[in-house]
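To begin, one chain is listed below as structure tokens, in the form predicted on its own.
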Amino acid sequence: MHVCTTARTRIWERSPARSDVDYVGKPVPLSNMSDSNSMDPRPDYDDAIARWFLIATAVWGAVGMLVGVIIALQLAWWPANTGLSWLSFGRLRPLHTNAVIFAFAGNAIFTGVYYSTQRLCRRRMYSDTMSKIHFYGWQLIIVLAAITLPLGLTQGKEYAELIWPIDVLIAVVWLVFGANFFGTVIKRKTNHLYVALWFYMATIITITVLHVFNNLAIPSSLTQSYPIYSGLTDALVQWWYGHNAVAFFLTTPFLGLMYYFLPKAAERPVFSYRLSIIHFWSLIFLYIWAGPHHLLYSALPDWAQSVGMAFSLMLIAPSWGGMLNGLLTLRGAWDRVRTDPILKMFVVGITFYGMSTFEGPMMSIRAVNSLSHFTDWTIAHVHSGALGWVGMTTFAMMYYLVPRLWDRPLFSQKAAETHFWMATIGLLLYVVALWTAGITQGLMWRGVNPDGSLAYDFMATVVRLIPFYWIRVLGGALYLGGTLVMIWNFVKTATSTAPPLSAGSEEALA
């Protein structure tokens, strides 16, 4: 039975057999938040699948970020373009975006979903076989992408570059994941569906629809196809997909992870469970309509552009509601933020979620978009979300999970602290440099002489931006360096000879 009390609407499980749902309500001791007690023995969870996906997250994250640093260097220093077509910026850039989105962030999503779903449903995943098919199938997709994109085999669509046979494989593997997840939810041993599960469900259902309809095509060979849409329709469908791939692959699943892992790490109840439900329903309703803001000043009818802009502006409300819900969950635990790198990463990640979800709607306003569109300001916006929100949330989740999945205390808290500062400083250098570069670009492109001719040619703009591009290289290298420190820390933890945590107190996790 669940009861609601106080104006902040706290909800908790009152059964004497406490479960992982406890942390959405009143604070309980860490010992009571564990997965076993005398009245409710721990189910036989499949933590191996979470370990596999976590390892893949770390490996592909380093690879994707390394490619990002390489292409940043190519923009700042032209000799870095080696003359080899398969190492050119045009080939490596889609490899970078696919690696960080679908390899790094994708594997992070699956890590957190497999770990938290079993605990929120109080049962093992529906099918171990499906879990393994999902893991190996997703890694195969990533390897195929790493081969085809440098070879120039692409559909030429943003975030949907992969050729049609790989698209079919993605659909199959994603449906296996969905069937495994929903099978677990249906067979759950709890009555309550915690809000994280709702965010996971929205992700699985919406990504299925987006992926299928955007990639409907007529194959002409094994590596080429023609989309069934043409002209403006193709552009509108693409950005309906493109914007909502960000919404439902890089936002909703990570909000679900935030709602599970932040209260667990802070040992505090979520600030307002009612707000989390309002956040969920308003966000998924509004997000799906915002795609047309990518096509402002295009041939798209003005009314459709205005709809995209209006829904983008409305998104500020639920997005900031979720941000505040996350930050206010730390009430009573802010003293620990000074010393706990996991909570520090959560705070930075949630803060950048708020910043990105304010900046995006502002950039959808026509007057602002006329300055920002096609400039590096857009790149800064994307990376403030990707490196700030997604990256920091992923790192925090991984630091929480590694000691629990390998049953060892984290090898070095100092290394985790070092990672936090390297990532944060690198992130700030990156986005501030590109914010400045983007506004500089937009203003220079607008500059005109008294006779109406352009005041600056294209090359003058490029030369002016070179110093900012070097700062981006430095920021990206710092962020990558922090990730490598994290991987070293995790390897040392997994191979540590320290006594297992299960043999003693969980206080070693703190």
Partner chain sequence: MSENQESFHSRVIERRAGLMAVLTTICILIGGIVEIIPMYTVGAAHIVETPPYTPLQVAGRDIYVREGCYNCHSQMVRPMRSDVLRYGGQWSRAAEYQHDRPFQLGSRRLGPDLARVGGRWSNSWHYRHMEDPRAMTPDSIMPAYAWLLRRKIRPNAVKASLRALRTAGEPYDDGTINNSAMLLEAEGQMIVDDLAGSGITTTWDTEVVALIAYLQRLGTDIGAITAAEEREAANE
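Residue numbers count along the first chain shown, from 1. Just so you know, these numbers come straight off a predicted model, no measurement behind them.
This next part talks about the form predicted together with its partner chain, which is not shown.
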Its partner chain contact at T440 in the predicted complex, heavy atom, 4.5 Å: no
Its partner chain contact in the predicted complex: I205, any heavy atom under 4.5 Å: yes
Close approach of Y226 to its partner chain in the predicted complex, 4.5 Å, heavy atom: yes
R336: touches its partner chain in the predicted complex, heavy atom cutoff 4.5 angstroms: no
Among 289 to 297, 117 to 125, 319 to 327, 414 to 422, the region lying within 4.5 Å of its partner chain in the predicted complex by heavy atom distance: 289 to 297
Complete contact of A145, Y259 and P263 with its partner chain in the predicted complex (any heavy atom, 4.5 Å): no
Position in contact with its partner chain when the complex is considered in the predicted complex, options L428, L175, I133, L193, heavy atoms within 4.5 Å: L193
The unique member of T154, N215, T357, Q139 whose heavy atoms fall within 4.5 Å of its partner chain in the predicted complex: T154
Within 48 to 87, the residues that have a heavy atom no more than 4.5 Å from its partner chain in the predicted complex: L75, W78, N81, G83, L84, S85
